[in-house]
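Below you'll find only one chain, the form predicted on its own, shown as structure tokens.
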Amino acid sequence: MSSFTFDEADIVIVGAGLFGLTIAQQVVEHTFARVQIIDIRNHIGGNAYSYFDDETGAEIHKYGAHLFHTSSKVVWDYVNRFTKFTHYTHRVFATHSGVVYPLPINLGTINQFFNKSYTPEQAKRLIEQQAGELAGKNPENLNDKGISLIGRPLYEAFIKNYTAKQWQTDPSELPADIITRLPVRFNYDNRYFKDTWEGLPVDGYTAWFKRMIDHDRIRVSLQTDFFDENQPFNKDTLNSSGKPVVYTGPIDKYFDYCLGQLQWRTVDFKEVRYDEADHFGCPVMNFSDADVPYTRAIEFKNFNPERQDSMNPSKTVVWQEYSRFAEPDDEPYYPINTHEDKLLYQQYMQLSQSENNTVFGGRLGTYKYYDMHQVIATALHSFEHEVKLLLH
């Protein structure tokens, strides 16, 4: 990776995640500008970065499972310019009381759980009856809301303890508005996503991202901190110069937390290796019970069965996933989005509007959880309606 001099760069993008990469690609495609990307990490791709494990041959998603899916033809056509996709269809399973069930909750889950052979209509009536336990009452917490949506038996089996582990809080102490719906399918469709297109990049995420910025007017400097005054593309120097900046880091950090810190959840991973070809038989296994301390386990080999010939037939690697509230030095994953957080973000957003030459984007820059296709869609829109205007 190399760098332009400060004077050579026409625009600086802070962050080499999907938002920043998409902006960079659009800039060189539609203008004559030279783009300098900087990122504090030692790789491009943000949280979608992946690498190949030497022992197993599996593609490891360093920051947790990333699965591409979209119903936007614009986004699908765009990403297919840089990678082909496999025919992978995401399906999730959950272990509860020593039994494995398909998720999301569907007719197969219901019939297996109740040891019945309900028709779709019979299953609907059952769930309506069980969900009616709290009829006429306004749910006061997440626990009540979950029961009112799908009934106590299914909620307590598959949602309650999983949610408690996610939030490190008993659901009876969480606000009801954290969930608006819990999907139940009254057929045997156990596809996790319902989007039109779905798949994984044939030769991996990092190969895809490298192609996006394979251009002589894009340069990347890694392990470069935007807030480090000892490197040329730092915040103060850029602000003084008036050079256009696309900032994809935490919006509260940009303003030195002057109004307070936004809250996030983070994820810890514990790696376990097995001397066997396949441990779970699926890519993702949820653990719904309280006596298992992690929320789910990811077996990376199973995302890419088409690569069997290049993977070790006697070794597999699994990552157990633990969710908790993020401390200041942790990697932020999911915005907590309490009422107070939302108000605080609105205040930071108002401050950002006075930064005339800076565009804020991405998950961290807008305090929003995005799937990959949403990041790309927002980046394409931002280039057209914000970034391009700074370059003319």
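Since we're looking at a predicted model, the values are computed, not measured. Definition used throughout: the rigid core is the maximal C-alpha set that superposes within 1.5 Å between two forms. From 1 onward, residues are counted along the sequence shown.
Not pictured, yet referred to below: the form predicted in complex with uridine-5'-diphosphate (UDP).
Against uridine-5'-diphosphate (UDP) in the predicted complex, the set Q166, I178 and N286 is in full contact: each member has a heavy atom within 4.5 Å. Of the residues L107, V245, L142, V75, just one reaches uridine-5'-diphosphate (UDP) in the predicted complex with a heavy atom at 4.5 Å or closer; this is L142. Comment: uridine-5'-diphosphate (UDP) is not present in this chain, but in the predicted complex one of I251, I213, I127, I159 has a heavy atom within 4.5 Å of it, namely I159. Listed stretches are 111 to 119, 235 to 243, 75 to 83, 166 to 174; the contact stretch with uridine-5'-diphosphate (UDP) in the predicted complex is 166 to 174, by a heavy atom cutoff of 4.5 Å. Interface residue remark: V184 is not counted as part of the site for uridine-5'-diphosphate (UDP) in the predicted complex, having no heavy atom within 4.5 Å. Contact annotation for W197: none of its heavy atoms lies within 4.5 Å of uridine-5'-diphosphate (UDP) in the predicted complex. In the predicted complex, no heavy atom of K301 sits within 4.5 Å of uridine-5'-diphosphate (UDP).
Contact annotation: L103 falls within 4.5 Å of uridine-5'-diphosphate (UDP) in the predicted complex, judged by heavy atom distances. Scanning 185 to 200 for heavy atoms within 4.5 Å of uridine-5'-diphosphate (UDP) in the predicted complex gives just one residue, Y192.
If you fit the rigid core between this form and the one not shown, you'll see the Cα of N143 move by 2 angstroms or more. Residue displacement note: V92 has its CA displaced by under 2 Å between this form and the one not shown (rigid core superposed). With the core held fixed between this form and the one not shown, L222 has its Cα displaced by under 2 Å. Figure legend: C-alpha atoms of L182 and Y192, shown here, are separated by at least 3 angstroms less in the predicted complex.
With a change of no less than 3 Å, the CA-CA distance between V284 and L182 is smaller in the predicted complex than in the form shown.
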